[in-house]
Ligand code: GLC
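Next up: just one chain, as structure tokens, the form predicted on its own.
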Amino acid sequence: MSLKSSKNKKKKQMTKKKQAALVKTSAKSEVKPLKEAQNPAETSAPIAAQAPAKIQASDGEVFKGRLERLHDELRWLYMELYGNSSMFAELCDTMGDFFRERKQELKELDSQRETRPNWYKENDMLGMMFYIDNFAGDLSGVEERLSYIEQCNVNYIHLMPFLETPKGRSDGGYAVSDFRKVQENLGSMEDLERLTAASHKKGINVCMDFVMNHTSEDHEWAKKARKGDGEYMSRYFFFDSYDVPAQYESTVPQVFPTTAPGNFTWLEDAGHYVMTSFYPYQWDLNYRNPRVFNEMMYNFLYLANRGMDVIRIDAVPYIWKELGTQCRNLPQVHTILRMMRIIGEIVCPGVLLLGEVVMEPEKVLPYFGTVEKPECHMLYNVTTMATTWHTVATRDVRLLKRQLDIVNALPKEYVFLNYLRCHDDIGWGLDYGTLMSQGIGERSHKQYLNDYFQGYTGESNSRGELYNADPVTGDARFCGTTASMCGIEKAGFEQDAEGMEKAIRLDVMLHAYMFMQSGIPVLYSGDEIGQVNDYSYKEDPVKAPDSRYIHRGAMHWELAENNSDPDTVEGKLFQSLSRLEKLRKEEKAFVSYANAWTVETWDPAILCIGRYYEGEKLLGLFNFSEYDKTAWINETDGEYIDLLSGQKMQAAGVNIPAYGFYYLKKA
């Protein structure tokens, strides 16, 4: 039953027995505790006195060394959050178990990466994300397509959610009912291990989603909680009346105000409300309970041991809930992330943490932690992505230039994943403070962007659909593939050859610009061949209400076969991107930790990005206009070479064709 339709329903009162059960952390957490530490100084006793003895065995010397190095900080953080020594001892014990179970080849990979801590910051990293079923049917199919992935110059694949979820209530795979089981239609854990092993042999890294903020209502814990088991109810947020939920609702924003309003759902059969920040079938986990943290860390390590190289933490800011707050970005989230980073460095240091934090780059900084005490290895560059499409719609690079200046000023240790499109919608979370100073209002501009990319205004050639449109606030998000947003869909439908050439130029220019940003570029599968919107989702009653499926269409392998034919759209895009990808790997100024800056071009439609590393300098010039333009730069340090044509030229008064670009290298 939805929250709104049940607010006035009379609720049953909890029994004293159930109230007592709810405050238990778990039966296991009641093991006789060790002496509690009150401050960091009290955690300095020898490791053997605090951690399980069995970690001392055989190749556990490696594990023991890592644990000795990081144990005191981990214990202090754990005790600060939970104050439960016995649960901490169990955590250390189980970490030792997962280390011993880790395959030898993965341990060797860990050791190699420990000696090369910047391995993922090099200029050879290029990612691709895809849904397994859409891309290749199942996990075995992906393994068979690894040669194609190599053709794409990709060495990092993000497998979109593949763990077990209930059909029709999966939220695209983000409502997990079993963290140790693959969806049956996609294969098995054994298939996953075969895929990761085969990928590693080809030098390809594998990423997966770890949804730790919530579980599906079909998860084993949720089923037991629904039946009134206090231990499992304490793993979620259960309330027998609306009093406390009402207090939360007064401060906590809604994630999906139109499709899933409110943050709580009334369970008629259980006689309780449960916190559901996203959808009613996704129950928020209660990380105040140390049993929840421990068990989720065991799931994390289990998945890492299946051969993952990158684990993407979904909805990171939401993990900790606190009454009287927005339940976003709370300090305890960072304690949990830091502990997770430490646990990974002890058991599987070759595994990277990728945080999904949808905020401006300057606001996501805390999720990197500090250089001395890091948290996430990588974060998404969400705002720059949205600002890029704003720039396409306005032909004005000023806001994008400001955004890049902010990112470029950050410590070089921080690594962002850059992308043009992904599996999700585009929310217009732009810097409206700056836009307002230019006379642009927030609501009117969001309306313009959504109208533009639907193809209604601004001489747009884009095609796509809105998601979660709110008629009251006027807010909405946009859905569409890169190719459709660039005009390839429209030109193809209208058989407009000239329009198609222009659309392809825009598509390639945007990828060239993305490769020039600091960080790791990631392609969305199908973008390499210009795959357009797929409207067939409307025929599936399960998918029809969710317009995000418009850009989640199946891979058209018959079109991918054209990737070597320069007379086809697919061939033109694939070959152009391949050339850019190879250039990026050849030029060391593309490493993530190179110096980067923007250069004033004195034309609002042209962006110039500079990069410098170990004596090598590059300038990237990008025309966001459909008209020929001149970049009025004046780099007086000598001759440059255009890396694409080999032409020698001066980096001054550079003429750039419509939707064109240059990669200029200092000779």
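Just count from 1 along the sequence shown to find any residue number. Note that the structure is predicted; figures quoted are calculated from it, not measured.
Below, we turn to the form predicted together with this ligand, even though it does not appear here.
Undergrad: Ok, Phe238, Phe293, Tyr156, Phe278: which has a heavy atom sitting within 4.5 Å of this ligand in the predicted complex?
TA: Looking at the other structure, the residue within range turns out to be Phe278.
Undergrad: Can you work out which of Arg328, Arg548, His334, Arg226 has a heavy atom no more than 4.5 Å from this ligand in the predicted complex?
TA: Going through each option in turn, the one that passes is Arg548.
Undergrad: Quick check for you: of 166-174, 193-201, 133-141, 78-86, which stretch puts a non-hydrogen atom within 4.5 Å of this ligand in the predicted complex?
TA: Answer to the contact question: 166-174.
Undergrad: Can you work out whether Arg312 and this ligand are in contact in the predicted complex, taking contact to mean some heavy atom pair no more than 4.5 Å apart?
TA: Output for Arg312 is yes: heavy atoms within 4.5 Å of this ligand.
Undergrad: Is Glu360 close enough to this ligand in the predicted complex to count, meaning some heavy atom within 4.5 Å?
TA: Taking the distances in the predicted complex, the answer for Glu360 is no, it never comes within 4.5 Å of this ligand.
Undergrad: Applying a 4.5 Å heavy atom distance criterion, does His423 contact this ligand in the predicted complex?
TA: His423 belongs to the contact set for this ligand.
Undergrad: Any of the heavy atoms of Gln282 lying within 4.5 Å of this ligand in the predicted complex?
TA: Yes.
Undergrad: Taking heavy atoms and a 4.5 Å limit, what residues of 630-663 are near this ligand in the predicted complex?
TA: Result: empty, none.
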